[in-house]
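As a starting point, one isolated chain is supplied in structure tokens, in the form predicted alone.
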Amino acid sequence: MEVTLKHIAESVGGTVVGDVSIVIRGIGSLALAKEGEISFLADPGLRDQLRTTRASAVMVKTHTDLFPGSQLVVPDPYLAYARVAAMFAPPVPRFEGVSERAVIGEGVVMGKGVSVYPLVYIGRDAVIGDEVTLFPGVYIGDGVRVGGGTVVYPNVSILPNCIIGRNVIIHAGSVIGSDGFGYARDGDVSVKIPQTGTVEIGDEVEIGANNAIDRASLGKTVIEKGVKTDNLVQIGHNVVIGEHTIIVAQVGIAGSTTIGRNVIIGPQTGIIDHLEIGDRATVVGGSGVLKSIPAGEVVAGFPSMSHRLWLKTRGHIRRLPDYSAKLKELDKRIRELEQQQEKERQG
């Protein structure tokens, strides 16, 4: 693919300083970009690489004398990089049509331009939208609906009656609609609670590899529009995740918790059941969330607390050996004073 710098500027809403007619054939980092490629400066710590990069053009927030070539000035170089990278990214490989080695159940409705690889299973009465791509090993249960433009990578299981929106990406190995973890205790015995609900995933959601999203015990587990999850995320039954929330790797969210819109949950965070996480809250990685979080709050630690308080607490933890030594010294001095006072009383 070849495009002019002018075309890129128009696509990302930037202004070119230099030659707008330069032809761009790809994108690369400042250190690795070659002639004919565009690069970007998002980290000020890499400014010195502007002097040595071989890129034909760079995207910057403000014009700089460090780079002699054409510059594309944009409000957010990292965001511009994401959009320009999409221009040059290779398309998702597609099987032409529906493979004869796929198993298609009765009553399945297929849209236009679907791509169904060999060894795909589609259950009865499923609905597959236009331009959907299903890679080998995908299991689509009875009554599942998959919206147009969705890509389902190898060995994904979408269990019966789940609903997948439009332009969703589900990465390899994920399971959508497995039973929620629901049991009632009868003495020492765990009695399974049937999980009769479903999962509903909104448009433009991206599910990382090896996610597990449990069906509701009753009703729906809901992943709203634009949510992005990293690899190895567990979402329990009846959880609701608001629009455009980001969930990083190895997060576990227990059942019936509600996550607001535009929330960021850092890696290796655990959230217990029946909580409410407010809109635009941030949970720092490694946290243990044991109570609800107000909108806009930033929390960290186990148990989670205000991020500012957590930082102070961590500072004190590092100084505990010093505190201990000082306490021992104070204790010794107090005992000596008490002994001295006792001698004076007796004298």
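Predicted model, so just to flag it, every value in this text is computed and none were measured. All residue numbers refer to positions in the sequence shown, first residue = 1. Think of the rigid core as the biggest set of C-alphas that the two forms share within 1.5 Å after superposition.
The following text describes the form predicted together with another copy of the chain, which does not appear among the structures shown.
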Response to the item:
Counting only non-hydrogen atoms, the one stretch of 125-133, 67-75, 164-172, 107-115 within 4.5 angstroms of another copy of the chain in the predicted bound form is 164-172
Practice prompt. Could you confirm whether Ala295 comes within 4.5 Å of another copy of the chain in the predicted bound form, counting heavy atoms only?
Written response: no
Practice prompt. Find out whether any non-hydrogen atom of Glu206 is located within 4.5 angstroms of another copy of the chain in the predicted bound form, and reply yes or no.
Written response: yes
Discussion item. Against another copy of the chain in the predicted bound form, would Thr221 count as a contact residue? Criterion: heavy atoms within 4.5 Å.
Written reply: no
Worksheet item: Is Lys312 a contact residue for another copy of the chain in the predicted bound form, using a 4.5 Å heavy atom cut-off?
Response: yes
Fill in: in the predicted bound form, the residue from Val240, Leu79, Leu275, Val98 that sits within 4.5 Å of another copy of the chain by heavy atoms
Leu79
Worksheet item: Taking another copy of the chain in the predicted bound form, which residues along 233-254 bring a heavy atom to within 4.5 Å of it?
Response: Val233, Gln234, His244, Ile246, Ile247, Val248, Ala249, Gln250, Val251, Gly252
Item to complete: Compare the position of the CA of Glu338 between the shown form and the other one after a rigid core fit and state whether the shift reaches 2 Å.
Response: yes
